[in-house]
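There is one chain below, alone, in structure tokens, taken in the form predicted alone.
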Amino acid sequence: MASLRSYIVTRLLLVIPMVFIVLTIIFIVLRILPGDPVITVLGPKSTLEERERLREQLGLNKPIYIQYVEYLGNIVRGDLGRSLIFGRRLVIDEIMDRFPATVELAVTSLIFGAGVGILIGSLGALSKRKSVDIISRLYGIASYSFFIPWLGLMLQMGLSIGLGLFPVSGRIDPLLTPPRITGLYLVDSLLTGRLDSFLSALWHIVLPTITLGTVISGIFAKLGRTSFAEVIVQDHVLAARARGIRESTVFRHHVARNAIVPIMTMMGLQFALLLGGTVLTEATFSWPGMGYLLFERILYRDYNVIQGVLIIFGLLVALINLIVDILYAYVDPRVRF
């Protein structure tokens, strides 16, 4: 336990400079990008006095190092500013409105992608037929190579427009939106006993889930094949088979339990990336999550919202990576040293 505590403390200390670097990069990148947020808000016909007045209100007339210190101070206080375009709403309120949609899509995509990928990868490793292994490898390469907007558009054209099986875009039928409890429509529908809302939300999430899940399933297919192939030739597996233990028991207790450890780590890392990388999927399906919010506000040059979304994405990735590292150390004591 002492080694685990030391490992956790070390990882916590390492997260601090990582978060600091991420926040610094966001600050620098947003200030060197072309475009003036003041002109975006006031329009090109605004007077110089109006621009200077708004620039002073936003603190953009201060030296860059003072802006940087205030930027870090505001983040520590949880103040991400206000939207420059849409009613001057608090950025944190805009993000929290969209965050549940992104979480819901990320969770369903991870379940679909990991399930399909692990199944295909394990079949490739465990099957005695060479053709199955070749198909497994080809799937891992091909699925990860798909361009998300292209795959999404193909599914929309084929399954939505062509066959009319699924909605083209959106998250739920507006008339069936359940009362907000968690913000997760699938969960809220079940909590309130709204089966019609649950089915509508499920039908809307299918195509975005398949799109995003198919792409990440290639990672799990390759990792699953490698992991299972390494475990099945280890001594403890061969010894179990030599003792005449049933194959299903060998697989469950000796193969799967050991092969799943690196896959668990990848699931955590992919979930972190999914939270921050759903922009293309959400833009393709008009999914009202944080990714679509970022895409939308980039078009409007809503400087504060763009900055706030990127900060939240960065903090989420750092936090989830930390949690995954701790869980991995708990499951496999060898990584603590």
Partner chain sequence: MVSMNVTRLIGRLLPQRKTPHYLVFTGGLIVASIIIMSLIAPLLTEYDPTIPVADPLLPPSPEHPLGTNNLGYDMFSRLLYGGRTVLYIVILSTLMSMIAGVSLGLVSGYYGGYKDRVLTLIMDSVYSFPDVILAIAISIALGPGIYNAAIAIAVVYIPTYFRMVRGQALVLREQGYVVAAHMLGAKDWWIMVRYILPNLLPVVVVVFTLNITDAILTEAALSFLGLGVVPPTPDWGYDLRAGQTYLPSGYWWLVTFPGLMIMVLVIGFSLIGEGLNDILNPRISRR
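Being a predicted model, the structure only gives us computed values, none of them experimental. Basically, rigid core = biggest C-alpha set you can superpose within 1.5 Å across the two forms. Positions refer to the first chain, counted from 1.
One more form of this protein should be noted, the form predicted in complex with the partner chain, which is absent from this view; the next part is about it.
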Want to guess which of 94-102, 151-159, 111-119, 76-84 is within 4.5 Å of the partner chain in the predicted bound form, heavy atoms only? 151-159
Given that the partner is absent here, does I26 sit within 4.5 Å of the partner chain in the predicted bound form, heavy atoms only? yes
K130 versus the partner chain, in the predicted bound form: is there a non-hydrogen atom within 4.5 Å? yes
I'd like to know whether V38 contacts the partner chain in the predicted bound form, with contact meaning heavy atoms within 4.5 angstroms. no
With a cut-off of 4.5 Å between heavy atoms, is I320 one of the residues that contacts the partner chain in the predicted bound form? no
Counting only heavy atoms and a 4.5 Å cut-off, does the partner chain in the predicted bound form sit next to every one of Y7, M264 and V324? no
Heavy atoms within 4.5 Å of the partner chain in the predicted bound form is the criterion; list the residues of 165-198 that meet it. none
Shift of P63 between this form and the one not shown at or above 2 Å (CA, core fit): no
